[in-house]
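First, one chain by itself: the form predicted on its own, in structure tokens.
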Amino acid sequence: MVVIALGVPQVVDQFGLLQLTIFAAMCILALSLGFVWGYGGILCFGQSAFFGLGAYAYAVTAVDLGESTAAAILAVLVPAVFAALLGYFMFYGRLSDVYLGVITLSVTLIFFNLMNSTAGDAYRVGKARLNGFNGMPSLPTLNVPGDPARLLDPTETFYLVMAFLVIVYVGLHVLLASHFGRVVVAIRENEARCELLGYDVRLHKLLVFTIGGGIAGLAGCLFANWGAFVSPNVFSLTMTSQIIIWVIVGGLGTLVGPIIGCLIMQYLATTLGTQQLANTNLIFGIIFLAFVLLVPRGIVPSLRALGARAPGPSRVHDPA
């Protein structure tokens, strides 16, 4: 990823750089669910809710303050705090996985319908009009901290998004290699046994859920910057399903899997949308069914399994 970040701007045009920037931002979003679902064992249909909260938190704050530093910080904090509050009632209420999925999906739909209903002039936060289904256009983009007049150009924005992707990827690796990460994976494998060993299962799940919400909010902030626009579609069922498909295609229980799945599906969506060869949602649905039925573990775990079964060099044992 570091090599790509440093080398790509030297070989692609500005349009390609903009496409790769949004791809990298979506990879951060895919990592958020890959962590929450793949390692925490929490199938969350609300990642798009946290993604949208991050995008709108950035948009409203940037419009009101006229600079991006505080807006970017709030874009991470607001969805993280909301995820913590929602997770507290779900995990400490000991809801089953089915109800957890229903609640997170319901929250996403509530945000979608709520933001679509804010088209009037009365719906504003400070100077920022929400504009309902029309969205919020002409948003202030990222600037150098402390200098609102110095906006980042497309190349600098790409470097920044790639830096965040690397930081999130490495940070999650470090977290999962720690004692906390090992306990989280153990809870995914056998929750009852971890409780009997004295671990606070609910607290660990809550922390995983909160971290995932903050990462999704960061992706929402970067997405809002990419197009200087945000609309209620960030809360839509289409966005929710796409995130889940990315993780399923790439593979659960890995961090590189969601990135690969996101890149493949985003490239496919861009190609289909440009050439108008077929309905994108229909193709995504077919791919989803194919992976669930034929490759349930996803690309990366399946490749690892094939590599493990591949014949290696013969070993000569010393008879002594």
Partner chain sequence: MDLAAVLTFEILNGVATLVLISVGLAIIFGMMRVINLAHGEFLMLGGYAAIVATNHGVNIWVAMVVVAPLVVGVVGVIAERLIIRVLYGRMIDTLLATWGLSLFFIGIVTTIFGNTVAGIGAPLGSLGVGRYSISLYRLVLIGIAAAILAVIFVALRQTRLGLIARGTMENPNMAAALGVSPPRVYATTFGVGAALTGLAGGLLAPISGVLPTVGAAYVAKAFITVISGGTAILAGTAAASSLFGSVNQLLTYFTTPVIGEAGLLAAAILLLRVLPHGITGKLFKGSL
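All figures in this text were calculated on a predicted structure; none of them were measured in a lab. Residue numbers count along the first chain shown, from 1.
In what follows, reference is made to the form predicted together with its partner chain, a form of this protein that is not presented.
J.: Please tell me whether any heavy atom belonging to residue 157 falls inside 4.5 Å of a heavy atom of its partner chain, as the geometry stands in the predicted bound form.
T.: Residue 157: no contact with its partner chain in the predicted bound form.
J.: Tell me, yes or no, whether residue 43 is in contact with its partner chain in the predicted bound form, where a contact means a heavy atom of each within 4.5 Å.
T.: The answer is yes: residue 43 has a heavy atom within 4.5 Å of its partner chain.
J.: Please run the contact check for residue 134 against its partner chain in the predicted bound form: heavy atoms, 4.5 angstroms, yes or no?
T.: Looking in the predicted bound form, residue contacts with its partner chain do not include residue 134, since no heavy atom lies within 4.5 Å.
J.: With the partner left out of view, is residue 153 within 4.5 angstroms of its partner chain in the predicted bound form by any non-hydrogen atom?
T.: Heavy-atom contact with its partner chain at 4.5 Å: absent for residue 153.
J.: For this chain shown on its own, do 37, 106 and 279 all sit within 4.5 Å of its partner chain in the predicted bound form, going by heavy atoms?
T.: So, yes: the whole triplet contacts its partner chain.
J.: Would you mind picking out the stretch of 166-174, 215-223, 69-77, 91-99 that comes within 4.5 angstroms of its partner chain in the predicted bound form, counting non-hydrogen atoms?
T.: Only one stretch qualifies here: 91-99.
J.: Using a 4.5 Å cut on heavy atoms, which of 86, 139, 142, 234 is close to its partner chain in the predicted bound form?
T.: The residue from 86, 139, 142, 234 that makes the contact is 86.
J.: Does anything in 106-126 come within 4.5 Å of its partner chain in the predicted bound form by heavy atoms, and if so which residues, in order?
T.: 106, 107, 109, 110, 113, 114, 117, 123, in sequence order.
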